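A lone chain, given as structure tokens: the form predicted alone.
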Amino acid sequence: MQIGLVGLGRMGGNMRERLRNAGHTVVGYDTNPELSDVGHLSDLVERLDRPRAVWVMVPAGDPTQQVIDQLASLLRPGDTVVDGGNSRWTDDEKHAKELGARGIGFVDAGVSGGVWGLQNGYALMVGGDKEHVDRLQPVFDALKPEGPYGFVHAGRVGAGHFAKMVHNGIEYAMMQAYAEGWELLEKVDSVDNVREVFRSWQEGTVIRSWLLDLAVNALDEDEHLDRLRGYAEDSGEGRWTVEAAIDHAVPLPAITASLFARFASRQEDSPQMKMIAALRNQFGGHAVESAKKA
């Protein structure tokens, strides 16, 4: 299948490679000419046979809106746009309406897998009309992990990004629990090998997970996380999850507390946030801040 891919950063570039490895034809465009297959977005559209499919992997908000606006003028009825970035689900509804007025289909895709997706595959949560989702199924099948899991048509437009938002809210709470446990273990005198305690949990325990594996990776690289500053950003989806919970009167005490803990990390050098920062760097390649030298 042919597909255009706009945005060739950490995830987009790896997605291009995974799709090509599966035999698909990918025309990539990025504002960085060293990464791009074509010089302009219009060149990407011209290289694709109709009906075209274009996958957008750029930051949420204005950057995504700008690309959607350009594609609206370049594509034709019967073409389809996929937003695979971390857009808010309410933006999906707006984009679907704008493109639909021109006869262009729209699918929102929540994508999880970070920098490991090329090797392991990406978990995909998509929203949109069945006809548009079905048309893109070969691409979804190539990107998802092998086996029966890792893909869901979650519902109508907006459902994919809403599901990914909730996924990230759960992720916040899980990382916070590991971070709190790690700090407590580091604090007591009786435990003198915290890294190996974490490693021992990787098999046979109810808290084993990929995040735990990544925590061990981080501790192998920096046993006491001394090289990190206890500061962690939030991607926005944690906030949106809490806002949605308020709108629907759903109690989310763990997720809300984990979001507020990140806010607290910006006020002082938090030991827990060293672990949060390390985990975000491990699974998503997110930037970390080095500890200040005394």
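These numbers were taken from a predicted model, which means no experiment stands behind them. Here the rigid core means the biggest group of C-alpha atoms that line up within 1.5 Å when the two forms are laid on top of each other. So that there is no doubt, residue numbering starts at 1 and follows the sequence shown.
Only in words, not in the display: the form predicted in complex with a further copy of the same chain, which the text now covers.
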_Between 118, 74, 185, 99, only one gets a heavy atom within 4.5 angstroms of a further copy of the same chain in the predicted bound form; which residue is that?_
185
_Against a further copy of the same chain in the predicted bound form, would residue 256 count as a contact residue? Criterion: heavy atoms within 4.5 Å._
yes
*Would residue 82 count as a contact of a further copy of the same chain in the predicted bound form, using a 4.5 angstroms cut-off between non-hydrogen atoms?*
no
*Is residue 277 a contact residue for a further copy of the same chain in the predicted bound form, using a 4.5 Å heavy atom cut-off?*
yes
*Is residue 62 a contact residue for a further copy of the same chain in the predicted bound form, using a 4.5 Å heavy atom cut-off?*
no
*For the three residues 9, 21 and 29, verify that every one has a non-hydrogen atom within 4.5 Å of a further copy of the same chain in the predicted bound form; reply yes or no.*
no
_To test your reading of this chain, name the stretch in 146 to 154, 99 to 107, 131 to 139, 74 to 82 whose heavy atoms come within 4.5 Å of a further copy of the same chain in the predicted bound form._
146 to 154
_Can you list, in sequence order, the residues from 215 to 250 that come within 4.5 Å of a further copy of the same chain in the predicted bound form, counting heavy atoms only?_
215, 217, 218, 219, 221, 225, 226, 227, 228, 229, 230, 231, 232, 233, 239, 241, 242, 243, 244, 245, 246, 247, 248, 249, 250
_Given a superposition on the rigid core, I'd like a yes or no on whether residue 277 shifts its C-alpha by 2 Å or more between the shown form and the other one._
yes
*Once you line up the core, how about residue 192: does its CA shift reach 2 Å between the shown form and the other one?*
yes
